[in-house]
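Okay, so here's just one chain, in structure tokens, the form predicted alone.
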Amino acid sequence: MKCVKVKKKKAQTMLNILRKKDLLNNNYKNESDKNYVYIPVIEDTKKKFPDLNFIDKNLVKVETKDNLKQMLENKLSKKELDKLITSFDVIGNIAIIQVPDELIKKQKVIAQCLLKLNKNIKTVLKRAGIHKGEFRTLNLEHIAGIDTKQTIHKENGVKIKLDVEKVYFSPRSSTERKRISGLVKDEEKILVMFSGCAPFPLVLAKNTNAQKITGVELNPIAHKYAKENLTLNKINNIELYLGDVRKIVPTLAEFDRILMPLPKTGEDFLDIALNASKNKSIIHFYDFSDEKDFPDLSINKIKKAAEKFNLSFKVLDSVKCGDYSPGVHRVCIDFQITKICGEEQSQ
């Protein structure tokens, strides 16, 4: 089977690109090892993307019944099938789908097929709008299975309990959380701003030897679940604060590493992160970026904020870690504080 071999940290972006170009071979399952993901593709892929790393690999075949579109061939018209959105998110045992207006009358049929597709899915919810408001929450409508919006999601060796409607959580950031955990050094003191129900703190606590991880979250419901998740995972090196990072972070000590997983307005909080840093601190700044602007636009945002604090920094890595919309990526700029400019000039 023809596959694209891609590094794990770039796998989600590659999947999104191939999916949009209809180049994925959905008859086979992805496979991964310690460093790479192997994505099955159709033969035309090599012609369209000759610079990708292609290899032949034996992959597990997906049975015909496991293809949602094929399951619905006798239940939807061809016109309806063309409107069907086959991608969906799975959080714990809940599937969250999008249903176009043209298929509203068939949404229960679609949802029932999805339940048959995957026995681990017990509930199907429909997105009713987009993430909005101060807490970036999403209205969801129950359409099939168990009527609940609470679940326990498992990833990277941890369990994450949450209400998927009242708490922002992205299962697609699992790879990014794992990437960050691989960068953490022993005995680091880490700050996670906008920590939500604690996915980043939990993954870091479970997969690193960090000394202490501090999370700050404004949503009281997310904070409640975060505290439950500490008990659920038997973790004792995480400290959680409920409140505004602008008020809480300045009262805390300096940190070795700071995460800012709020791409939409993250630049408005760079001053808080910089003020909580010290020489050699590493900051992970998340942002949204057009392909043509990456990574310069995001780096310039950091530069502008750093100048106000008379700080110099160096970029360690620039990573595309998800797609927000066509041509717009969720990105992370890993950068390190080098020296206070005044100190640098005096030496």
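This one's a predicted model, so the numbers in the text were calculated from it and none came from an experiment. Residue numbers run from 1 along the displayed sequence.
In what follows, reference is made to the form predicted in complex with a small molecule, a form of this protein that is not presented.
- Under a 4.5 angstroms non-hydrogen atom cutoff, the small molecule in the predicted bound form lacks R257 among its neighbouring residues.
- The small molecule is not shown here, and in the predicted bound form it never comes within 4.5 Å of any heavy atom of F88.
- In the predicted bound form, the small molecule lies within 4.5 Å of some heavy atom of D244.
- Taking the partner from the other structure, the small molecule in the predicted bound form has a heavy atom within 4.5 Å of a heavy atom of P261.
- Interface residue among T208, N219, N229, T214 relative to the small molecule in the predicted bound form, by the heavy atom within 4.5 Å criterion: N219.
- Proximity to the small molecule in the predicted bound form, taken as heavy atoms within 4.5 Å, picks out 167 to 175 from the listed stretches 167 to 175, 76 to 84, 141 to 149, 117 to 125.
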